[in-house]
Ligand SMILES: NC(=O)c1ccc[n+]([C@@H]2O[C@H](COP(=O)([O-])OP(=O)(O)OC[C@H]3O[C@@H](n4cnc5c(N)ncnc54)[C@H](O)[C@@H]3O)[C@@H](O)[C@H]2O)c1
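Presented as structure tokens, the chain that follows is alone, the form predicted on its own.
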Amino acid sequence: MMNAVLVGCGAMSKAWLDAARQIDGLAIVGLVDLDAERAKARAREYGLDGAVIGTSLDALLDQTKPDAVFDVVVPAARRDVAFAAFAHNCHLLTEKPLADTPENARAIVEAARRAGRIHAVVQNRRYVANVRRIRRFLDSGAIGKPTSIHADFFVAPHFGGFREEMAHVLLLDMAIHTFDAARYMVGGDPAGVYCQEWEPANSWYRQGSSASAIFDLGGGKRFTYAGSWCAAGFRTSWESTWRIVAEHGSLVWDGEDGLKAEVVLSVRDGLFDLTQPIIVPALDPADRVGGHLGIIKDFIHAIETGTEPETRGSDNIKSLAMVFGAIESAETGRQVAIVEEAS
């Protein structure tokens, strides 16, 4: 049996608790929120009658002595939650993003290393079936090494609330999903970025609803991102739409079920090399999927076996560095180097 305390009982906590109740051997023994009534309501909703309710994480960890902390707080509170978890010898699984600043991200990763605790991030786009299929297909070399990766994200949600008032709203709130998926699918490590942000006349956000960025992912790979939170009409998938160009062909994915690839033939017709379709194999049974459920299972498995989870903080910090690098580039108008410690 593994015991966990969940801190932060807002709307996102429902995704965590929906997943947690599907996992045998996992018990939520405590719920923490600044609003005790909200924590009590969440406990009633999920039938957590035995869970301890509190407003102080430190006090509740002293009382329950869990194995792990599930962090679903606002990013600005992540560092305090992480330090409390590690001080109580707990492993930590945190909602994305890993932290609200580069300095806090590094501090959390270093604190986990010093404590010898497992720390992972819910970067759940990696647990999408077609993301797994693309990574395995590209690793097979069927179309050669990837050289150019292109992602478009055009969605126009009217959230209301804090998102419509925050700075760098697209880059800070959403883009990390696409950035992390790109890095994962092609096996890239970010080295630099040039980015621009703007606020079009049709926007209902305060700042940063539209952005375009070019990343150096190392090894000759370039990744371009074009996105908008206010592009009404012809909405893309939440997973973005993708074109990955490789040495001997290309792959396109609509972000949903449409996944196709073509390989170059050794025959030319006029100006163009001929191509033919090539099958992208189905999901491999070994590939982990399932969003929050898949990540929580992976986290628990890592604790039980003493291994590292795929979305460990020491790796995820590279995807977060892409976000902060893009923001710095947009603010300064210059290309920015991205330097993070290897995982």
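Note that this is a predicted model, so its numbers are computed, not measured. From 1 onward, residues are counted along the sequence shown.
In what follows, reference is made to the form predicted in complex with this ligand, a form of this protein that is not presented.
**Student:** Out of the stretches listed (91-99, 245-253, 191-199, 136-144), which one is close to this ligand in the predicted complex, meaning heavy atoms within 4.5 Å?
**Tutor:** Result of the contact check: 91-99.
**Student:** At 4.5 Å by heavy atoms, is each residue in V7, D33 and V74 next to this ligand in the predicted complex?
**Tutor:** Yes: each residue has a heavy atom within 4.5 Å of the partner.
**Student:** Using 4.5 Å between non-hydrogen atoms, is N124 touching this ligand in the predicted complex?
**Tutor:** The answer is yes: N124 has a heavy atom within 4.5 Å of this ligand.
**Student:** Does any heavy atom of D173 come within 4.5 Å of a heavy atom of this ligand in the predicted complex?
**Tutor:** Yes, D173 sits close enough to this ligand in the predicted complex that at least one of its heavy atoms falls within 4.5 Å.
**Student:** Should F162 be counted as a contact of this ligand in the predicted complex, where contact means heavy atoms within 4.5 Å?
**Tutor:** Residue-level check for F162: yes, a contact with this ligand.
**Student:** Can any non-hydrogen atom of H119 be found within 4.5 angstroms of this ligand in the predicted complex?
**Tutor:** No, H119 stays farther than 4.5 Å from this ligand in the predicted complex.
**Student:** Among R106, R132, H168, H177, which has at least one heavy atom within 4.5 Å of this ligand in the predicted complex?
**Tutor:** Checked against the cut-off, the match is H177.
**Student:** Among H301, R38, K65, R288, which has at least one heavy atom within 4.5 Å of this ligand in the predicted complex?
**Tutor:** When this ligand is considered in the predicted complex, the option within 4.5 Å is R38.
**Student:** What residues, if any, in 273-293 have a non-hydrogen atom within 4.5 angstroms of this ligand in the predicted complex?
**Tutor:** The stretch 273-293, when checked against this ligand in the predicted complex, contributes only H292 at the 4.5 Å heavy-atom cut-off.
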